[in-house]
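The data below hold one chain only, encoded as structure tokens and taken in the form predicted alone.
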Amino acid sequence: MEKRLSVNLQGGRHSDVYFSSSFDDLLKKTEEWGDNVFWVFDENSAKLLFSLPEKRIVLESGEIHKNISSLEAIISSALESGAARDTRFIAFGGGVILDMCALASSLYMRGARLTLIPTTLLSMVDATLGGKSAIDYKGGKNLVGTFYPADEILIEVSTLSTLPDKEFRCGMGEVIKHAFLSSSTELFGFLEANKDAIEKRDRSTLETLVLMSLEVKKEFLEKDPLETKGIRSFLNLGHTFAHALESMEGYSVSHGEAVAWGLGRAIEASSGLGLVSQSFSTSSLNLLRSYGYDVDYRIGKDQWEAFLQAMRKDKKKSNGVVNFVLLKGFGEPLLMPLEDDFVSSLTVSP
């Protein structure tokens, strides 16, 4: 495996990102850890291995299971397996598994070792770097969690060939978000120029795509590792709208598709406030549409109150006011509150 990226975080901690040359190369790397490990899968990711390791737990799949019961199941199973503080917790799966395993690892005996092996595009570009571990709680997305970065992240893009189109598109929502947040237009241009190769899941193209996306995220993380300066909050572009939609719909809408829809709302808000040009707004929305996102969808009037209540649980709330991440252009995000009537005009069907 080749180390392609290293992110320096709070207190001298760092996360190293490795890309493997094949699935066999990935499995060879896992053999280095020996027997002092505890693996966490879900029903989908467990199918990617011919034989499962002895010390493991396989959880039910889906956001609906990202809860305190699953967290307790991980910790109980680790304890029963004889895991100690020097045991390496290995999360093998999508973002739900990575987030929950990281949280369990951070709590187990006050902190066990942690490796993340993402198997979906969304988890590769979103749930790996930065150390945010969490579960959903009482309708709030990622409401209970810790900062606990993995010391290593292993990426093998061949797992993306197994994803249904909807799941792959889910991850592309976060990639496109990073394109808007980058001070360079390189990623945006790459997405425009390589759409066919990306959708055909060409291996080399996907490796470049994931690495470019992570490089954008790295820039924000190193400036604000614990989200105390407001800089890291910019990575939540589109998420205030997205999380409210997900919560309101009982997580039947995928995270990436909700993010893409939220990006559309954030871009329209930025345009409506005169922060970005019409050409920026048009080209950005067209890119989202070209990858199959329904950015023109609006919720029903009868859903507005539920959407509003879900939005008010947003973690970027300060002094009781919800702040939205908007844009002034590529790589120029800002935080600001929006009036409920304005949010309604962006989200509710006339």
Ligand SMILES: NC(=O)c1ccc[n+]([C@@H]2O[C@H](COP(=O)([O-])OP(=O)(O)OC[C@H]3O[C@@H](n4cnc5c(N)ncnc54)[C@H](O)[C@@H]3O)[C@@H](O)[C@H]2O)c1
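The model shown is predicted, which means the values in this text are computed figures rather than measured ones. Residue indices: 1-based, along the sequence shown.
Separately, the form predicted together with the ligand exists; it is not shown, and the next lines address it.
J.: From the list 240, 213, 270, 119, which entry has a heavy atom within 4.5 Å of the ligand in the predicted complex?
T.: The residue in contact is 119.
J.: Name the single residue among 169, 265, 217, 88 that comes within 4.5 Å of the ligand in the predicted complex, judging by heavy atoms.
T.: Of 169, 265, 217, 88, the residue with a heavy atom within 4.5 Å of the ligand in the predicted complex is 217.
J.: Within 4.5 Å of the ligand in the predicted complex, do 258, 298 and 344 each have at least one heavy atom?
T.: Not one of the three qualifies.
J.: Is residue 206 close enough to touch the ligand in the predicted complex, meaning at least one heavy atom pair within 4.5 Å?
T.: Taking the distances in the predicted complex, the answer for residue 206 is no, it never comes within 4.5 Å of the ligand.
J.: So in the predicted complex, does any heavy atom of residue 141 sit within 4.5 Å of the ligand?
T.: Yes, contact at 4.5 Å.
J.: Quick one: does residue 113 come within 4.5 Å of the ligand in the predicted complex, counting heavy atoms only?
T.: Residue 113 lies outside the contact set for the ligand.
J.: My question is simply whether residue 198 lines the interface with the ligand in the predicted complex - judged by any non-hydrogen atom within 4.5 Å.
T.: Answer no; every heavy atom of residue 198 is more than 4.5 Å from the ligand in the predicted complex.
J.: Tell me which of 69-77, 121-129, 276-284, 245-253 has residues with heavy atoms within 4.5 angstroms of the ligand in the predicted complex?
T.: Contact-bearing stretch, as computed: 121-129.
J.: Which residues in 17-54 have a heavy atom within 4.5 Å of the ligand in the predicted complex?
T.: Contacting residues: 42, 44, 48.
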